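What follows is one chain in structure tokens, specifically the form predicted alone.
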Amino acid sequence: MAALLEDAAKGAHVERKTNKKPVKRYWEKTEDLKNSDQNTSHRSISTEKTADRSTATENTGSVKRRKGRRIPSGKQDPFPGEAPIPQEQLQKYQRGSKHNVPKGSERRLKEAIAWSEKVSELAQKQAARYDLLLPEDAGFLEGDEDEDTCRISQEDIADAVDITSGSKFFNLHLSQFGPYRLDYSRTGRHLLLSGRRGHVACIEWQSKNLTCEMNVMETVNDIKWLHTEAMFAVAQKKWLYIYDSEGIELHCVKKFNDVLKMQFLPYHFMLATASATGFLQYLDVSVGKEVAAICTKAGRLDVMSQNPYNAVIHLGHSNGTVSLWSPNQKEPLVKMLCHRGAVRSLTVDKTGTYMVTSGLDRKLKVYDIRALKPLHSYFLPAGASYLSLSQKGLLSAATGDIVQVYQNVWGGSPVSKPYMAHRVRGQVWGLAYCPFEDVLGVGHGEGFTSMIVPGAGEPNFDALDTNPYRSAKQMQEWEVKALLEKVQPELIGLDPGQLGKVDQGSFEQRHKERVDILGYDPLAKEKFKPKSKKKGRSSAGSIEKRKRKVAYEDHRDVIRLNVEEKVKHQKEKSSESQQLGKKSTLDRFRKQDK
């Protein structure tokens, strides 16, 4: 019995020891984990490979390449190719109609026109595709039901908007040297103010920092920024002066005397001035040279504006006409009768399509410059003394001490009431919209007023052209690039795209002269195209010989016909001379056969 118990105990003890797992160290655990991971990964890869092979064998035609990578998928792409572009966006960035290639033009001209059309189409598609990345949208003032937006005051708008936008409504009380004219820089960061009695100030209006301030001690008629915020021009009583941003006088241009109005052409680096003596003068500010001086023969020129699309100057005259001028011609490009009385003010939109004028007949007229025809005519009880158009097409009209803003002036239906209205302290002497801001600057007899006009400014700017947030280094680089890309004044005209078109009249004239010299029309018949032959008879030399042979034969036929016509004409002349030689002076008394 005891022996049996001992054997059973020994057997149980041995089995318990064999079932117990040996203790593993920490380095042995990590190695086992790595091995297990590799084994599982190998298994998954092998299973994936077998699954891929099976799917590939089932769908051999569904394996596609996308961006140089092989995608083993059995499904088809639900949206193949590039994303479609909406037609509205394409029309928004359309760059005119396609050019028609004239008949008989050379191969190089056809290739150049085709290449330019291809590049233009690509740029249009890219601009329309990246339109989604534009961060801002233009907004407008919307009232409640049966609420008129023109009754909303500026104080209410400033209280309703955020602090930064509300600070854009302010008044400068400057009653000593007024009334004031104004001009914003192209970036919209700086403001120029000029009082009638000689006060000139340069302000960074958003931060309210005064850059410079001075009194020129004589009458100031107009003021204008030049290509950067570092220089500005002042039309004083006698001559034209150029100052820098610190108020230091740089130039006194005595050739430009009695200047009343000024316009700066940024892409041509030219300052256009209109004087009291009736002269329109152009000054190239990059070299300091007078480009042109034109006598308009229309008297005092105190109404002036420019077309931003083609840099043509618009002048309003006392006889109710508006004339369009270019520095290349001594006569006006267009002269149109707009009002029954004198023209008081005019302005042109940024696309160069519409022109708005106001006259002493108390009418406000909108013209389509492309057709030179009026679109709408509005009657204002007191007329409009000053006009200004914003980047988004809002029209501001000043009547006495009231400023009215109109929306969609050149739309299909005429405008019945203003979009906004505001009364200032004195009589208005100047209006200007701030670029890229919903702000309208008003210069009047008691100083300056900055109005908030929702929806007036362009929300997205071109950083390569006019960047409001550019640094000093970026401004230097932009100035150098703009000088290198300066447009010559000879290219100013009504149609800026005329340079890229073919002069059809001169082409026909040259073709006619060529026909007279050769004796035949080389474009009248299609060129001979030799057929290809075998056994080495279609080499370049033999093809050229056949072409010349056929050309010589055609030329001989044409020359033969011309010679025959000449001989026939000479025979007719000789027969007429012989008949005249046989007649005598007494033949006139003979009876003629009836």
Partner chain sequence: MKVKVLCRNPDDYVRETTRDIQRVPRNYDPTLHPFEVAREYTRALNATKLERVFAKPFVASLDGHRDGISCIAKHAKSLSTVLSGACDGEVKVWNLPRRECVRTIQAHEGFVRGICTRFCGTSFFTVGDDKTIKQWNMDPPGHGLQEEPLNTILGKAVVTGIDHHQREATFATCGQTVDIYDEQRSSPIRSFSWGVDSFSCVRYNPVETELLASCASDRSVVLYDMRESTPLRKVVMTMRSNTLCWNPMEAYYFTCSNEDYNLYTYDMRYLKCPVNVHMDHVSAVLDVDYSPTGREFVSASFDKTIRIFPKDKGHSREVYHTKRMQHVICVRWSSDNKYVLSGSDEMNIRLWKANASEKLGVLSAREKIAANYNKKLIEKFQHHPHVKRIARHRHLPRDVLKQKKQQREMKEARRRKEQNVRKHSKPGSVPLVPEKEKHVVAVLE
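Residue numbers count along the first chain shown, from 1. Values in this document were obtained by computation on a predicted structure and should not be read as measured data. Note that the rigid core is defined as the largest set of C-alphas that superpose within 1.5 Å between two forms.
Another form, the form predicted in complex with its partner chain, is not on view; read the next lines as being about it.
Trainee: Is E290 one of the residues lying within 4.5 Å of its partner chain in the model of the complex, judged by heavy atom distances?
Mentor: Heavy-atom contact with its partner chain at 4.5 Å: absent for E290.
Trainee: Should Y469 be classed as touching its partner chain in the model of the complex when contacts are defined as heavy atoms within 4.5 Å?
Mentor: Looking in the model of the complex, residue contacts with its partner chain include Y469, since a heavy atom lies within 4.5 Å.
Trainee: Answer for A421 alone: is it within 4.5 Å of its partner chain in the model of the complex, judged on heavy atom distances?
Mentor: No, A421 sits far enough from its partner chain in the model of the complex that none of its heavy atoms falls within 4.5 Å.
Trainee: Does at least one non-hydrogen atom of R362 fall within 4.5 angstroms of its partner chain in the model of the complex?
Mentor: R362 lies outside the contact set for its partner chain.
Trainee: Name the residue from D465, E121, E213, E331 that puts a heavy atom within 4.5 Å of its partner chain in the model of the complex.
Mentor: By the 4.5 Å criterion, the partner-contacting residue is D465.
Trainee: Could you spot which one of S377, N460, T277, S175 gets a heavy atom to within 4.5 Å of its partner chain in the model of the complex?
Mentor: So the residue touching its partner chain in the model of the complex, by this definition, is N460.
Trainee: Among 490-498, 290-298, 220-228, 399-407, which stretch sits within 4.5 Å of its partner chain in the model of the complex, heavy atoms only?
Mentor: In the other structure, the partner sits against 490-498.
Trainee: Within 398-431, which residues come within 4.5 Å of its partner chain in the model of the complex, counting heavy atoms only?
Mentor: Counting only heavy atoms within 4.5 Å of its partner chain in the model of the complex, no residue of 398-431 makes contact.
Trainee: On a rigid core superposition, would S116 pass a 2 Å threshold for CA movement between this form and the one not shown?
Mentor: Yes, shifts by 2 Å or more.
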